[in-house]
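This document starts with one chain, in the form predicted alone, laid out as structure tokens.
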């Protein structure tokens, strides 16, 4: 099989790959210089759509509608765009071996790809219940959501099991978004998670109480403090056995218990830290001509002076752009600024939409109307450490209000008293 050679290869076909391609095009990449190698069958797309509009019963999102870079308000890049720019999209191709010393990637079918510069953008894979040896976890009624193929299988199941029962295992991003979308599809929905409240990595008990109350009002049942320990499937669906002894009936089970970065191809070849591939502020690894971006990169978070790994679409986009700028600057003997990232997370479900900026450490202040029964709830939280705001969260904010909370988290606005913050609430951020 003939060996192909490219000046630049992006390994992975997710969000980061699409934004890297756009940046390469802006920087004047020549036809034939760049290849994107992806095991998926489609050009890079905005992955967040899969847990939201893709599953809607009406007005559902479909490709080519959400190819990158529409998620950040940019131009949509359909497969034709890559062809026009002379960027080779190598799809349906799983790389099974990466030899960084010889700059060679080998696919499952034995094809060989040589590169001068590699950007690792392999992203994450879902953690499966079978990874923990959960009995019956390989049933065909149990679904995960990471790629468009997963979403297609779930759409088919939703149609086939119309108005049935769904059990959502996990109380994080996927758990909350999928519970909402299954309820919109008129399923009887139960969420199960082991933590004392939902989204514990980010939410305080006060923030979580609102979402749990709101979901309950929408008819979503919530079971906390236990886990699924086994599944018995028959023609009628799934019996979900919980650790506390309860058994739930389900037509569909959707599992969202986290992800893990896909770094195994590079084990022992590249320096790692905190579960990811260690990079500098330009996403260079310790191996010359090898960069890592998105979920797999552990990078210096300048704002907090520590190494962090961030799993979020916003960072996937921005880190990819930074790496390409750094590559081109290095070639031209120029310099660019180090990556200076403000952590950002967001979610949309039902009629709700929240944004968070910064770091969720220190004391917290909850402000606004966080009553789930309110006709138009609007509330937020600040995180305060060493007398400064380090993080800010807002539900149902306007674009200007969201910019204001981002600003106080970025500049780490000093605070004289927590009482003042509680009283002023959103007004405090908007006047800075």
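Residue numbers count along the first chain shown, from 1. Note that the coordinates shown come from a computational prediction; the quantities given were computed from them, not determined experimentally.
Missing here is the form predicted together with a small molecule; even so, the following discussion is about that form.
Interface residue among 202, 301, 242, 313 relative to the small molecule in the predicted complex, by the heavy atom within 4.5 Å criterion: 313. Proximity to the small molecule in the predicted complex, defined as a heavy atom within 4.5 Å, holds among 397, 391, 48, 368 only for 48. With respect to the small molecule in the predicted complex, the three residues 342, 359 and 406 uniformly fall beyond 4.5 angstroms at the level of their nearest heavy atom.
Put simply, residue 352 is far from the small molecule in the predicted complex: not one heavy atom of it is within 4.5 Å. Contact annotation for residue 279: none of its heavy atoms lies within 4.5 Å of the small molecule in the predicted complex. Contact annotation: residue 122 falls within 4.5 Å of the small molecule in the predicted complex, judged by heavy atom distances. Residue 9 falls outside the set of residues with a heavy atom inside 4.5 Å of the small molecule in the predicted complex.
Residues within 4.5 angstroms of the small molecule in the predicted complex, judged by any non-hydrogen atom, belong to 144 to 152 and to none of the other stretches in 131 to 139, 205 to 213, 229 to 237, 144 to 152.
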